[in-house]
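First comes one chain, alone, set out as structure tokens in the form predicted alone.
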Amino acid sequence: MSTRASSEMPGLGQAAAVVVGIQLLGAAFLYLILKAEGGLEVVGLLALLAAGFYLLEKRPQITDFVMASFSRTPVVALVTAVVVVVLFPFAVGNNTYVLHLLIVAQLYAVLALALNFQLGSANIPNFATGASYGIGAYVSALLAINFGLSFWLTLPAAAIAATLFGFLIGIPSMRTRDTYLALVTIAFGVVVQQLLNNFDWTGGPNGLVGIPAPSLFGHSFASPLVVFGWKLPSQANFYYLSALLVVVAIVTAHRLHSSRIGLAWNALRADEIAARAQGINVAWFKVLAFAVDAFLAAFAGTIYAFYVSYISPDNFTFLVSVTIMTMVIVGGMDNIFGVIVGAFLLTILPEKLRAFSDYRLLFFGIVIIGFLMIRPQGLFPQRIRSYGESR
């Protein structure tokens, strides 16, 4: 925290008001952009967002004050976030399209957090996250279809299988660095996608159909969710399940970042030779980063498979990995909140820019370049860690 931020520590009541206000403002912006239908509405909201980040770039003391407010009132921030997440589907109502976007955005947030361990914390480029995502989806789907296992049993099985894949790709990758390492991960991702496309037992290019919906305490996730007489679409079941996975990913990311593992990854990012000289097992921590990335990606893949009930190799192409990497870079590497914001933004924007028809991808690229020009280090740049909190 900067000296100015320390000298202008907000009062408890002021900090609580700032925290609640910012979270409600963020929820309102998310609601508006999800409900926006016309191209002009989306452009206006993006312009407003760009203006806000431009102000933060020019006035860093505002960021320091906000961060100090969140540090002062962590309980208020947590309670407000929980209330917003729980009540958001009620505000959306029966709009299944919006709920679908939220589910996909949350799954991509988990994938981005998984990749952030490598790209953000340890500066390891990995273009195989989409492959780990696909392995989790296929393993869980095959177990459910062929052996009748429930969703809750396929979750750990898929995570173990993907983690083994993470070790499989991590070990040979230790012989390469930088650009060559990226090429190795690209090759692994392409190989996995091609194998899924050619094996008969994976359904080949036709994929897998008829993945059963999960159930919990007799309630099928394919049925509408009724809460206190309020009937929500069936997508709400997967919305809350995805939100729970995001919470698990955030807790995991925070714990790892504040641990010796996180310190070792940051040391690799700063200077691999110096890290090795200090006694850090460079190869082990690199492989561990691959394994953690694959582990979380498998969870996201499992939920996605059971949500859509149909998967094919086209869902897990190289482009998926590129998209996830873009989310981490745009959001802010090694910044948990920034990565989540980047995932939501880059998931929702392509859909909302459909109003521009054939120019949608062009405009999308311009928006991304514009945000990176305003905030070159990402929307929420990496902040100086407090080494005293590590253990």
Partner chain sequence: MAELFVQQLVNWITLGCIYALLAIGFSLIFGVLNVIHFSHGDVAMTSPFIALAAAQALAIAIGVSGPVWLIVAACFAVFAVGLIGVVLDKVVIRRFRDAPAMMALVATVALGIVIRELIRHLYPQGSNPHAFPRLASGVALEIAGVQVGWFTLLVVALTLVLVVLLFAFLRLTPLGLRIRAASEDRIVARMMGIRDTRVFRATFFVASAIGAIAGLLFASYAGVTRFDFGVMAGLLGFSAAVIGGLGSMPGAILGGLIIAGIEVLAQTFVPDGASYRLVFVFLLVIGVLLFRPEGLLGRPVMVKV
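Residue numbers count along the first chain shown, from 1. Here the rigid core means the biggest group of C-alpha atoms that line up within 1.5 Å when the two forms are laid on top of each other. Keep in mind the model is a prediction, meaning the values are calculated, not measured.
Beyond what is shown, the protein has a form predicted together with the partner chain; the following relates to that form.
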Is Pro172 close enough to touch the partner chain in the predicted complex, meaning at least one heavy atom pair within 4.5 Å? yes
May I ask you to check whether Phe127 falls inside a 4.5 Å heavy atom distance of the partner chain in the predicted complex? yes
Residue contact check: Ala17 to the partner chain in the predicted complex, 4.5 Å heavy atom: no
Does Ala291 make contact with the partner chain in the predicted complex, using a 4.5 Å heavy atom cut-off? no
Could you tell me which one of Val209, Ala91, Val191, Val247 places a heavy atom within 4.5 Å of the partner chain in the predicted complex? Val191
Heavy atom within 4.5 Å of the partner chain in the predicted complex, from candidates Leu48, Ile62, Val322, Leu349, belongs to Val322
Look at the stretches 74-82, 196-204, 257-265, 138-146 and give the one with heavy atoms within 4.5 Å of the partner chain in the predicted complex. 196-204
Quick one: in the predicted complex, does every one of Val66, Val110 and Tyr240 get a heavy atom within 4.5 Å of the partner chain? no
Can we say the CA of Ile22 moves by at least 2 Å between this form and the one not shown when the core is superposed? no
Return yes or no for Ile366: a CA shift of at least 2 Å between this form and the one not shown, with the rigid core superposed? yes
With a difference of at least 3 Å, the CA distance of Leu372 and Thr179 in the predicted complex shows the atoms closer
Inter-Cα distance between Arg375 and Thr73 in the predicted complex, nearer or further [3 Å or more]: farther
